[in-house]
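Here's a solo chain for you in structure tokens, the form predicted alone.
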Amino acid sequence: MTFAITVDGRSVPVVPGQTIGAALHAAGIRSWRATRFGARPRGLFCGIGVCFDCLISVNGRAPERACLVEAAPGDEVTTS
């Protein structure tokens, strides 16, 4: 049974056990932030928590790596 999270006001479907990064990728969202210099798009890169390209904020918490955070029903995700 799937559920949804909200990402920047948009509903994104999630399969239980998926990370937020995996859910975004499955929904066709490949980048959700940009670099400070050059504004180059960033999203999942390594997918295993080594880099910091996939930073997001969940439910108002400090930025976390989307590839490491398991999605939960009702999560409110903001990107930069």
Partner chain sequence: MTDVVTDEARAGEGVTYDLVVVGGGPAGVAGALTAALAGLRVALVDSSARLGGQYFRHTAVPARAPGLDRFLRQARALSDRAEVLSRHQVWSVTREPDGDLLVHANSPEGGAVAVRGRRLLIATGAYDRPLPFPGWDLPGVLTAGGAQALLKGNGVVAGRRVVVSGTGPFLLPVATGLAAAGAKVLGVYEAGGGLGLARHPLLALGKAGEAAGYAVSLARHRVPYLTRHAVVEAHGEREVEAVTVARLGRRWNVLATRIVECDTVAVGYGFVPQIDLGVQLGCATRHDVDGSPILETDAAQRTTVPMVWAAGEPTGVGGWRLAEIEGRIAGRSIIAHRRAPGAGVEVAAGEVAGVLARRRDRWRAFGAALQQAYPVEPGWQGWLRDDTLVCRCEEVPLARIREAQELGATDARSIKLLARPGMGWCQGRICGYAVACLAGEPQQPPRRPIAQPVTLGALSDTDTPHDSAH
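Numbering follows the first chain given and starts at 1. Keep in mind the model is a prediction, meaning the values are calculated, not measured.
Absent from the display: the form predicted together with its partner chain. The rest refers to it.
S.K.: Within a 4.5 Å heavy atom cut-off, is G17 in contact with its partner chain in the predicted bound form?
M.R.: Contact check for G17: yes, within 4.5 Å of its partner chain in the predicted bound form.
S.K.: Is it the case that L68, even though its partner is missing from this view, gets within 4.5 Å of its partner chain in the predicted bound form, heavy atoms only?
M.R.: Because a heavy atom of L68 falls inside 4.5 Å of its partner chain in the predicted bound form, the answer is yes.
S.K.: Are any of the heavy atoms in V58 no more than 4.5 Å from a heavy atom of its partner chain in the predicted bound form?
M.R.: Outside the cut-off, so no.
S.K.: Is A22 one of the residues lying within 4.5 Å of its partner chain in the predicted bound form, judged by heavy atom distances?
M.R.: Result yes; A22 sits at the interface with its partner chain in the predicted bound form.
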